[in-house]
Structure formats: structure tokens, C-alpha cells
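What follows is one chain in C-alpha cells, specifically the form predicted alone.
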């Protein structure tokens, strides 16, 4: 069977997919692109006209949503404990938090990054800071869910933790950690201590450093 190919940039939302592959022990062909790929890797547009990362190519399948890719890799060869099956306890919560991670939590972070980090010269920093406040306020749902719990669903680590966990990792990387509650910082520490996360991060960093050396 041909390996799934994952195109991504180091530390981007594609980390969810790289991490899921390591947790599920799926052998992927990891291809790290320069950031932003739509400008620095123009040939990539022929494969993904959006120019976004991540992108998973698995045979005829092509996927571009990080949370969907994480779920797909975790269940590609059948159900695993990384997912929750329909009818099982916390199935609804598993679906909800997996989608909540990108649609509600990561989205305002990306707006903050654009206006406050990447395009500071356009005079839209106040809008970016407003979205940062939005991000911090939206963490309340995760904070309440984790009261008395180690993980979000079914008393075990799942793809929902990967997806939500990445948003907390991103917050630390882009300077939004001050508004993250300590309980969520502790949760993030538990997640990033996992060997599969550390392998995924190391693989992406190796790819990033190889790009820098080649450039």
C-alpha cells in the first residue's frame, strides 16, 4: 500500500495530522513546505489550488482540513481508541470538540496572527487584538469540560484532544498564552509530554531545518 503523503509547514495546523499519524502508527510521507507555501512553493498550487496546509493525499483521496485529516488517520485502518464510535459514550462530545477546535478556537487565532504578526503595517492591529480576546473567551467551554477530567472525552486521549490541544500549543507560540487558564496550560503539558507528540514535533522540525539548510 502506498504511503499517505502529508504536505504541511512546521508548527502549522498540520501538526494535528502529523501527531495523529504518530499516535495511530500510520506511516506517512511527511513533506515540509516553506511558509507561506502559496508564495514560496508555487508548484504546490497545482496540487492544492487553495495553497493551504495541511494537505493529505492518500490514493485518490485529497483532504485539506486538519481536524478531518487527524480523524481520518486515526481511523484509516479501522476503529481505534483515538476515536469514539457512534453510540458509544461521549460520541457527541467527541464530534463537538473536534470541530470546535478549529471553527471556534483556532479561527480567531489565525485572524490575530494575520493582523498583529504578519500584516502589522496595514493598521489593523486593533482588530487582531479583538480576535485575541475572542479566542480567550471561547476557551471557557474547554475549561469547564476538563473540570475533573484528564481528557475531553470517554476518560481517554482522543483526536479531540489533538485538535483542541494544538490550539493551546499555538497560543503559546504566538504570544497569546497570558490569557490561557492555568488548568488548560496543565492540560497542554500533559498532551505535549506524550511520546507521539514529541516524535511528530521532531519530524516537522527536522524538515524545517532541512529547508533552511537548503535555502
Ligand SMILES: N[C@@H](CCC(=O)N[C@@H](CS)C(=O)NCC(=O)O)C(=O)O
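Positions refer to the first chain, counted from 1. As the structure is a prediction and not an experimental result, all values here were calculated from the model.
Although not depicted, the form predicted in complex with this ligand is the subject of the following passage.
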* Structure fact -> Answer key: of 30, 176, 53, 153, within 4.5 Å of this ligand in the predicted complex (heavy atoms) is 53
* Structure fact -> Among 156-164, 44-52, 143-151, 179-187, the stretch whose residues bring a heavy atom within 4.5 Å of this ligand in the predicted complex is 44-52
* Mind checking whether each of 100, 138 and 172 has a heavy atom within 4.5 Å of this ligand in the predicted complex? -> no
* Could you confirm whether residue 65 comes within 4.5 Å of this ligand in the predicted complex, counting heavy atoms only? => yes
* To do: Determine the residues of 9-25 with a heavy atom within 4.5 Å of this ligand in the predicted complex and present them in sequence order; the list may be empty.
  => 12, 13, 16
